[in-house]
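Just one chain is shown here, as structure tokens, and it is the form predicted alone.
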């Protein structure tokens, strides 16, 4: 009988059977880059125990990914190297392998009784899983671990507004607030040798000196190393995520509702980079908060609205909108109203270079862009202003959308994420309603610098980044 914490999270990806004559269970880690509260890992250990076969956990690193740069690779690898040692402390072998997801999985699958994937909602990663599953000679399973409530349990269609998602989710949310137990592997795989496979990084034991190990892997990758790294602000790993979570619970959550939209103050959780790379589970976050707060506390409700409702609505958006990171994916009314104003006079037009270098007339926008360039993150309230102004300063709304996605994907630790694409799309009318018509924007919601000045101490924000 399957364990109850895995209920509704398991999806079989092909029609193949478990090949009981093969040697291993293989979990290909990709979205859920952690040892703790990882449903895919625990499902894999469960299958290992049932089938009495050793488990191998594999993480593929490739330098062929779009926008491969040292900023997010360093943060990701800081987490992965720590996760390797945490999983291996449970007696399970963890390989970090230089290969593509598809090629690497198919190579290692020759000895696999079954393959386990964690669920990713983005188009490219879904294609990887589909392609591999079709070519495998064994069963493959996908385990959903990076949301509180399984997305397709809420709906199998695109949901256009947050209030609809909220109504559906809150009816069943509490069913999924379950601790994820750590199963004991009955068969240890830590000393198993993998025959005929040469691409795994052989990491020396250096008394957990993770920086040396991360540098070793980075040196083997042909990636863009011109960007600054951001360890002054964010260091990768579940341990760092838990530090930020504890700080948030102890020092910030009690005033979250009041100050969450105040970039001059530091009352956000700063967990989005860790959530993006799967270094912390949203369920873990919820369970930790509920140790200290009631679920109906106003600050908790405000935070859970962001962490659960909007974050999981974003996953619905990218799962059921083929063009989620393209202008074409916007609602028809939004595209129509922007098109009607495409020839409106623009007081300023900036090219990508000026925007990328924060070289505009608007000091508030420049500060937001500098925050992105310096820290790898941008306060969510400023992200809205940032994207709205790109609309105002671009030759066309489509060009504006493409620029916003480019900057998001290249510089933000939490870029290339469902949240980022949904957030940009919101600035162009998705999940929103028509407003009073105006120049350039048509009926799209507008934001001005006056709104910033009226809401918080904008000078304090400027002093941080300019």
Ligand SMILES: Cc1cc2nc3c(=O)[nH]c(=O)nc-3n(C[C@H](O)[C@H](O)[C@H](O)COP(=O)(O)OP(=O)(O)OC[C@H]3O[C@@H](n4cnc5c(N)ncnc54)[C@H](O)[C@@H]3O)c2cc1C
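Please read these numbers as outputs of a predicted model, since none were measured by experiment. Positions refer to the first chain, counted from 1.
Here the subject shifts to the form predicted together with the ligand, a form of this protein not shown in this document.
J.: Given the ligand in the model of the complex, answer whether the residues 161, 167 and 430 all have a heavy atom inside 4.5 Å of it.
T.: So, no: the whole triplet misses the ligand.
J.: Since the chain is shown here on its own, which stretch among 101 to 109, 117 to 125, 308 to 316, 144 to 152 would lie within 4.5 Å of the ligand in the model of the complex, judged by heavy atoms?
T.: Heavy atoms within 4.5 Å of the ligand in the model of the complex occur in 308 to 316.
J.: Quick one: is residue 387 in contact with the ligand in the model of the complex, heavy atoms, 4.5 Å cut-off?
T.: Yes.
J.: Spell out, yes or no, whether the shortest heavy atom distance between residue 415 and the ligand in the model of the complex is within 4.5 Å.
T.: Taking the distances in the model of the complex, the answer for residue 415 is yes, it comes within 4.5 Å of the ligand.
J.: Given that the partner is absent here, does residue 377 sit within 4.5 Å of the ligand in the model of the complex, heavy atoms only?
T.: Within the cut-off, so yes.
J.: Can residue 275 be called a contact residue for the ligand in the model of the complex at 4.5 Å between heavy atoms?
T.: Flag for residue 275 set to yes.
J.: Taking the ligand in the model of the complex as the reference, which of 262, 383, 90, 335 has a non-hydrogen atom within 4.5 Å?
T.: Filtering the options by heavy-atom distance leaves 383.
J.: I need to confirm a contact call. Of 299, 321, 269, 394, which residue comes within 4.5 Å of the ligand in the model of the complex, counting heavy atoms only?
T.: Exactly one residue meets the criterion: 269.
J.: Taking the ligand as it sits in the model of the complex, which residues of 396 to 426 have a non-hydrogen atom within 4.5 Å of it? Please list them.
T.: Read in sequence order, the residues that approach the ligand (within 4.5 Å, in the model of the complex) are 408, 412, 414, 415, 417, 419, 420, 423, 424.
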